[in-house]
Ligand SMILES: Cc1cc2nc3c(=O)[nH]c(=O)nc-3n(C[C@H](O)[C@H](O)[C@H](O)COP(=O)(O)O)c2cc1C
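So this first bit is one chain, no partners, the form predicted alone, shown in structure tokens.
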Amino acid sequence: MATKKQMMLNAFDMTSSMHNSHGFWKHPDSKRHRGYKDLEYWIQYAKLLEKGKFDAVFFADVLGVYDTFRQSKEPSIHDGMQFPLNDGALVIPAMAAVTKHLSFAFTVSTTYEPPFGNARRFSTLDHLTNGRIAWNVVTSYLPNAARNFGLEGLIKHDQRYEIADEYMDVTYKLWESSWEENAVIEDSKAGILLDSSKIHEINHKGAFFSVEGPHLSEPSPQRTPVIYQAGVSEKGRAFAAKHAECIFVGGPTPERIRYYVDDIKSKAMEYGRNPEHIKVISFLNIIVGKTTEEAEEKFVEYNRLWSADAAKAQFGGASGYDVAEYTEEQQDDDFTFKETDHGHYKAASLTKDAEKQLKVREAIARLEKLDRGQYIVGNPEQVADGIQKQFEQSGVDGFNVNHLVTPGDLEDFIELVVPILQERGLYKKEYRDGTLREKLFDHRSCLLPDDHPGSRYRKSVSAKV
């Protein structure tokens, strides 16, 4: 009898006052808008996730304020929409210290963070977590972020991916080829700690980067962290197919998500990669109660707290569409996709990926309240049924779990839903041993597989099997 495919689960979060829970700081049980700056909050959070056998916490990040909606920062700041925001990398070691298996996917932009320093950051985190780190590679879409780093405006969307592609080559060279295996010899009699003949400059000179090296950190347990990436544009999917091991995609229906899954894996094969070496994850939005009635009451209460302005601010910054610009006369026009230099996922979700053609007023209405069509609401069995259906129909390998009231919604999910998924064989009861890469993939290596483009830079490195 074939073993049933099991899903992976990440908690989707930010080290911010609010993430995708617009306006929910007002909920009496919300702890995150105060706790996000308290180390004890993140320590308890890590323990909770490991209790629920979560694979990882996925830390999103931005480098500016969303200011496209109404051409103003005020709607974002007013409701704490991903603002204020701390550096998530700094809470990871503390969370790792109180867990054994929970892993950490951390977002860093290739557009603004120099590759040499970023490579050292991830090597350090991989060492301190004993190989439980992933890098979510993004190119950044906020105009305010560009101005924060000295630019007049956003670098063009497709050029950001060209920069990212070379950025990956630089970091692969630092992680995979700068240090050979056994460069650390610790020969106390000869008085030699490191064999300098096995440590190399990379001498990279390209269109966007010039890096001499060598890498400052010795090889970490995974050398290259697990590579995450999110993007639904043509450039984004091609980049993901080439580089990513875990790909984050969204879509309004399981069928649309499956289209992206199949397309990315097909593109990966064109790069000579084994599609089995790629995991695809999507959003999971749930509201669970002990009874159906309790869940429905939660949904009503949550809708009352929802901040429409914060949602429109997020949509505007992520898509480049300022929905405040549409006049009353335009409300019955079709809401159509247009390419911008922002991200493409949010725009696509209400245009070309929507289940039907939306009018402008319909698209805006989707932002003004919780979109019931995107949430699984019910008692534990009903929620488990909805998750199983989405998992099996979409073809994904797992989910980034959104939570509106934190940590309460995660506590309810772990207490009420996880045991049902486990009993159905859809979710693990115990963790695998090893690094994150070994936990996720059947090739069971701590290192990049040989079919990954980063592995071609490897110098005399043998994988642990």
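Note that the structure is a prediction, hence the values are computed from the model and not measured. In case it trips you up, residue 1 is the first one in the sequence shown, and so on.
Keep in mind the form predicted in complex with the ligand is missing from the figure; the text below concerns it.
S.K.: Select, from the options 247-255, 205-213, 124-132, 170-178, the stretch whose residues sit within 4.5 angstroms of the ligand in the predicted bound form by heavy atom distance.
M.R.: Among the candidates, contact is made by 247-255.
S.K.: Report whether the minimum heavy atom distance between V62 and the ligand in the predicted bound form is within 4.5 Å.
M.R.: Flag for V62 set to yes.
S.K.: In the predicted bound form, does H157 have a heavy atom within 4.5 Å of the ligand?
M.R.: Yes, H157 sits close enough to the ligand in the predicted bound form that at least one of its heavy atoms falls within 4.5 Å.
S.K.: Taking heavy atoms and a 4.5 Å cut-off, does T107 contact the ligand in the predicted bound form?
M.R.: It does: once the ligand is placed as it appears in the predicted bound form, T107 has a heavy atom within 4.5 Å of it.
S.K.: Can you tell me if Y345 lies within 4.5 angstroms of the ligand in the predicted bound form, counting non-hydrogen atoms only?
M.R.: So Y345 counts as contacting the ligand.
S.K.: Which one of S140, S76, S103, T224 is close to the ligand in the predicted bound form, taking close to mean a heavy atom within 4.5 Å?
M.R.: It is S140 that has a heavy atom within 4.5 Å of the partner.
S.K.: If the cut-off is 4.5 angstroms on heavy atoms, which of these, F283, F116, F83, F391, is the one near the ligand in the predicted bound form?
M.R.: By the 4.5 Å heavy-atom cutoff, the listed residue in contact is F283.
S.K.: Along 201-235, which positions have a non-hydrogen atom within 4.5 Å of the ligand in the predicted bound form?
M.R.: The stretch 201-235, when checked against the ligand in the predicted bound form, contributes A230, G231, V232, S233 at the 4.5 Å heavy-atom cut-off.
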